[in-house]
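Next up is one chain by itself, shown in structure tokens, the form predicted alone.
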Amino acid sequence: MKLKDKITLLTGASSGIGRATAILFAKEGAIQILADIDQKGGEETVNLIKNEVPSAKAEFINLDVSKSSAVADAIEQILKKYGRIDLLINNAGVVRVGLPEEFNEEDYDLLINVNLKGTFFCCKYTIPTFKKQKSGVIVNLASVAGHIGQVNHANYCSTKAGVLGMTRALALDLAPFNVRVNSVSPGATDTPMLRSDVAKNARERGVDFEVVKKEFEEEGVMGRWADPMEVAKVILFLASEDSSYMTGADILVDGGWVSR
């Protein structure tokens, strides 16, 4: 098992890539604290894990990563129970799209608070433990949108580009403490978040969902969306000793999107 008994905090665990990662990590022996603002979805993830891996150790905590004090409290409780944290997977994220001149401040605040500040807060309150241990791994979820421009995605793209910059800078800060920091940049992945994005786009344009879905599929060169488990396997690679000589790196899992 690649993650046997590794104490893991995984955010955004209630669906999509987070859920797939939680299931995969369970099979690899991780002891998981699964965090999300979606209580029902998080509990469903735990139940799925227990059904697939009866011996797995996983618990759900309701956590809004955009709240600094809530993240601090969560980390404190994890340390009280387990005494350490080995892996931090910053997967929590939201998407809002729209024309820049019409994009409202409330939606932009949400993107910044969850995608950027949420990632930062989880790092901020975990790093002291990693430094003390002189060990730890952080995997941040960026996006293909951090590498390229997308129509009506200026605000979202800016937050994911920020995650890439944060990843590289943290890698420099933490290398002396034997802590690795890397990121994964998924392309179009079949998740509830992407489906809601496509549905909104379709409604605004007055076209069928499948029309917009096909457009997204054709952004890459493989002609399809990724399955969340395909991204989860890359997260596992970065979380495990298989990537022991990698830090400050980003892996694109985009079906060739940026190759065009």
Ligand SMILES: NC(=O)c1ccc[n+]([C@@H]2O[C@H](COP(=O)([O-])OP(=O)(O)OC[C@H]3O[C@@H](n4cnc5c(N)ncnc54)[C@H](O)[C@@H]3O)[C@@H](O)[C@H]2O)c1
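None of the values given here were measured: they were computed from a predicted structure. Throughout, we count residues from 1 along the sequence that is shown.
What comes next is about the form predicted together with the named molecule, which is not displayed.
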Inset, instruction - Choose from 127-135, 170-178, 73-81, 86-94 the stretch whose residues reach within 4.5 Å of the named molecule in the predicted bound form, heavy atoms counted. - result: 86-94
Legend entry - Within 4.5 Å of the named molecule in the predicted bound form, all of 38, 66 and 142 (non-hydrogen atom): yes
Legend entry - in the predicted bound form, residue 46 touching the named molecule (heavy atom, 4.5 Å): no
Inset, instruction - Please run the contact check for residue 193 against the named molecule in the predicted bound form: heavy atoms, 4.5 angstroms, yes or no? - result: yes
Legend entry - the named molecule contact in the predicted bound form: residue 247, any heavy atom under 4.5 Å: no
Legend entry - is_contact(residue 114, the named molecule) in the predicted bound form, heavy atom dist at most 4.5 Å: yes
